[in-house]
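Next come structure tokens for two forms of one protein chain, structure 1 first, structure 2 second.
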Structure 1
């Protein structure tokens, strides 16, 4: 959420920000409700103050043994109390309304974020590598996988229904190799500290990241315990330091986690869901940073490069987009999407999203730091990005590195994890 004083003092800025994101934000309504709320609060506090004075006075009268006066004073408090109850109820309702409205006001995009409402308004920030030989015909990853027995879609759906993967044999090893490689790379050479969180979290954590109540129904939930399966490790990583004051010398804090992610993807069936393109469960290395406010812009660029460099090591052609206002998420101030080229489907696939959230999430989850012993706590800035999501990368690797004779040549960085340098028809087949 935004700083309330910012909304009060700069409503136009907030409204323009929402417009840029193509969000209909109830800024005016918020301002009115906030005004009412504060007026009520003022009234409430005045009466409470009166009651507090009365109570103190009664205490003194008792110690002086003035019984008669005590009874009189007590009688006076009755009226005050009932008044307090009434106004309290009013104030609580107004406050709830303020919060409800507040949750509908998005974070403000940075000035350099381009205007626009659709994909075509995104700016290409960077291209790396080339599309592989366009004259050749590339097999789609599900065909490659079928011929090499890398995963088994029919049995996957027998077990779990649609939208799940069942990797087998070297296909399973390849998925493991890829995740090991990526988490090793980020933690050993890019300076991230590894975190392995639980995959199930309390409801409060999803509220902290802004996923709930807005996206109710997008997540898997346990029946008896009110726990949710994480849609991304951003959730536990953001909440790790909820309600804490992080020592200033620990910032910038860089965390990386390899976890599974679980998404219901309700309503997404049909389009772009073949093979590994959209799964209810997938693995992902998440990169996460807590920074001081003045550092977050710079750290976002670094984080983006950390994600991109994985693709460079694997030799996959990609482009990085600076998203326009209308395509951005609700909570961020700047967002890059990294897209990799699928030579078989002949299109770019989104594989990472790197965002700077400013203090928006930190305010909501109450994550702060202190510049030094004497100063007040301030909200940190949070950033995150995938580094990277596995299945689509897996898919593009299969398409890109399968030769015309059907042999899949394993990219060099994965070879030590695989123990083999290629997978061909004869090598290993699941019965």
Structure 2
């Protein structure tokens, strides 16, 4: 969330930021409600002060033997207490309304974020590698998988319904190899500390990241425990230090987690239903940073490179986009999307989003640091990015590295994890 003083003192800036993100934010309603809330608190303070004065006066009147005045003072005290109860209830309702409204106000994009409302307004920041030979006919990944028995969506649907995958044989090993390679690379080579969090979180954790209430209905929720399956490990990683003060010497802190992720994809019905492009459950390596405010822009660029370098090691053509305001997420101030080329579908597929959230998430989750023993605590800045999501990477690898004779050549970095250098049509591929 934003600093309340910023909203009060510079509402135009906040509204302009929301407009840039194409979000209809209740800034004016928040200001009016906040004004009423503070006026109510002021009235409450005045009545409590009057009650305190009356309580003192009763003692004096009793000592003076003024029975009639004592009874009058007691009656007034009772009236003041009743009034306080009413105003406290009003204040609680207004406070709740203030919180509900401010949770609907998005973070403010940086000035350098381009204007725009669609992906056509995004800016290409970088291209790496060449597209696979355009003169060749490439098989879609679901056809490659069928011929090599790598995953089985029909049986997955029988088990869980549509939108799930069942990896089999060497296909399951490839899934595991990709996961292991990426988490090993980020922790052993790029300096991230590995974390293995729980896959279920409390509602407040999703509020802390800005996922709720904005995306209510997009997540899987347990019925009896009021826990949510994580849509990304960003959620538990952000909340590891909720309501804590991180020692200054620990910053910048770099964390990486390999987890399964669970998403209803409620707003994507009918889109990308074939193959692995849009699943309700998938694995992902998440990269996350806590840092000082003055370092967050620099750390975002480093984070982006950490994600991009995985694709370079695997030899996958990609481009990196700086997103315009209308394409950005709710909680960030700057966002890069990394997209990989599908030679069979002849289009780019988003494989990672790398974002700087400023103090927005830290303010929601109350995560601070102190520069030294005498300094006032400040909110940290948080950053995160996929490093990378598995399904689309898996799909593009199959399309890119399958030869015309149907043999899938395993990229060199994965061969030690796979134990083989290729997968070809053979009896061992059959399920």
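In this text, all values refer to a predicted model and were calculated from it rather than measured experimentally. For clarity, a rigid core is taken as the largest C-alpha set superposing within 1.5 Å between two forms. Residue numbers count along the first chain shown, from 1.
Asker: Look at both copies of the chain and name the one that is the form predicted on its own.
Answerer: Here the form predicted on its own corresponds to structure 2.
Asker: When you overlay the rigid core, is the Cα of residue 136 off by 2 Å or more between the two structures?
Answerer: Superposed on the core, residue 136 moves its C-alpha less than 2 Å between the two structures.
Asker: If the two forms are fitted on the core, does residue 72 show a Cα displacement reaching 2 angstroms between the two structures?
Answerer: Shift of 2 Å or more: yes.
Asker: Which angle, in whole degrees, describes how far the smaller rigid part rotates between the two structures?
Answerer: Value: 26 degrees, smaller part relative to larger.
Asker: With both forms fitted on the core, how large is the C-alpha shift of residue 46 between the two structures in Å?
Answerer: On core superposition, this C-alpha lies 2.7 Å from its counterpart.
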